[in-house]
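Two versions of one and the same chain are coming, encoded as structure tokens; call them structure 1 and structure 2.
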Structure 1
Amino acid sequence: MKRKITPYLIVSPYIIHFIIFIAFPVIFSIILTFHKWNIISPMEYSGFNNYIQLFQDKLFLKSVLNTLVFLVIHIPLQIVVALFLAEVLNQKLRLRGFFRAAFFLPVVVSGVVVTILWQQLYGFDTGLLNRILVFLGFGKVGWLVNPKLAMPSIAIMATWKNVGLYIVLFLVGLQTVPKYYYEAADLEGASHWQKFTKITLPMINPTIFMVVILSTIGGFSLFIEPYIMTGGGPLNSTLSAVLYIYKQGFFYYHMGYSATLGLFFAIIIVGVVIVQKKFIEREV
């Protein structure tokens, strides 16, 4: 009897955690999409009204497009910068361990702290970046007040915040490439660029795919940066989908509609990841 019960006792903490923190919230959210609820009063069944409202909500569509713009800027920039720095830090350098730790440090710092720091750097009148531009003879730039520059500015800041994690991932990938490939290429007189494109990139393709997926999921969850730096402005140019969902739920108390937006947005994320898996992942 003990042999039969013991395995269930061992996995019971995970099962309990899964039921309370994953299964129940997901099921409750799906049920909530068919109801109208403001947290205070009892839920009212509303049928498919939330879904109808979703497809008529132009602001939600704009928030999704803003998030996609962020991803288009952030993911390529993240991969290029992280891979370049990982390639440099994979060489025999003095103080290599210090630089690796220094690049990873922003990852462990609170996102709120980093966002406030960059908000000060981007300040129009007193920001360090504009002070440098004025000192060099250029005009001030509205990093966070110009609708065309606000989202790219946030993407640059997010890249700085997260690049350390992807440097570590790329370093792991680079160190798994067999050295004899490079030795054979050296005998053939291959240049460093040829070795990088013909050996390094194909061999670390699984790592690149993982970085793309993690960057995509992280980009879709964009919230802290626009919430603190711009509040979704100017002119809703930095209103991310998660920020819009948050506002619907906790600003306007439209919990049913917020759950509907969250469910639909989750489907979008899954679709994007599937497309990435189809076009990016390759067997080595």
Structure 2
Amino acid sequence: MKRKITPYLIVSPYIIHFIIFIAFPVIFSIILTFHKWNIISPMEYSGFNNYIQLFQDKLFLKSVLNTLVFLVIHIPLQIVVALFLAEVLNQKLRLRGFFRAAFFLPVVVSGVVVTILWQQLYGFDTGLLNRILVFLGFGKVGWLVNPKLAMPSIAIMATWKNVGLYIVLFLVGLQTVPKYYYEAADLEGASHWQKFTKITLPMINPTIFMVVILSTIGGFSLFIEPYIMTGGGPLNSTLSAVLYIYKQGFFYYHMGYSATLGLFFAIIIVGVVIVQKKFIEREV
């Protein structure tokens, strides 16, 4: 008898935690989407108003598109840079450990630190990047003040922060490619580029797709970078979806509407990831 109950006792903290912090919130978020509520006064049933508002909300649409712009720049950039540096690091060179550790440093540092730092690097008059550009004889660039450039600037920063992790993942992937493939290619007189496109790339396809999915999920939660750097500006060009949901919930206390946005955005995320996974299964 004792044997039979013990497993349930052991998993009971998880079950309780799951019910309070996941199952109930998910159900409650669906209920919330049919209500208007500012937390202080009682909940007010509002039918489909939140959904109607959502589909007419140009700012939400913009925030989703902004997030997609971020992903479309961030992911390819990250893969190219990570793969390039991993390929170089994979050669027989001295100090590889040092270089790997240097590339990885921004990964362990808080995003808050990285954002505050890059805000200064991107500064228009005093920023380090513009000083270097002026020093080299170029003009100043409005990294964060030009609405067309602000989101790409954030995507570049995010790449700088995360790329070390993906370098390490690619290094692991590269080490799974059998050495004799390259030796055979050498005998055939293949160039470095040919070996890279014909052997390396196909062999590490699974790693590439894993990186795509990991950085997609990470990118959809973009929040603290625009929150600190630009507050969503200029002209809402860096307003990410999570930042918008946060503002609706905790600046305006539109709990019902904010929950609706959260639910809808979560469905978009799951949809994108499912499409990516389908695509991957077809490719591999």
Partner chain sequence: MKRAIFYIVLVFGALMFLYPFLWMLTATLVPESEIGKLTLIPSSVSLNSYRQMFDKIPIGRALLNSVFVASTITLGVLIFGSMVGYALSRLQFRGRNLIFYIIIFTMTLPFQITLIPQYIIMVKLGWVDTYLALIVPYLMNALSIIMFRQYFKSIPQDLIDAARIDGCSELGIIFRILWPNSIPALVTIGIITFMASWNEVLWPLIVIRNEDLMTMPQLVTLFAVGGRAESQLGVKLASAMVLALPIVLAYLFFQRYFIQSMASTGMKE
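By rigid core we mean the largest C-alpha set that fits within 1.5 Å across both forms. Residues are numbered by position in structure 1's sequence, first residue being 1. It should be emphasised that the depicted structure is a prediction, and the values quoted were computed from it without experimental measurement.
- Note: the form predicted on its own is the first of the two, structure 1.
- In a rigid-core overlay of the protein, Pro178 has its C-alpha displaced by under 2 Å between the two structures.
- Annotation for Leu136: C-alpha shift of 2 angstroms or more between the two structures, rigid core superposed.
- Core-superposed comparison between the two structures: the C-alpha position of Ile268 differs by less than 2 Å.
- Once the core is aligned between the two structures, the alpha carbon position of Ile10 differs by 4.4 Å; this is the C-alpha shift at that site.
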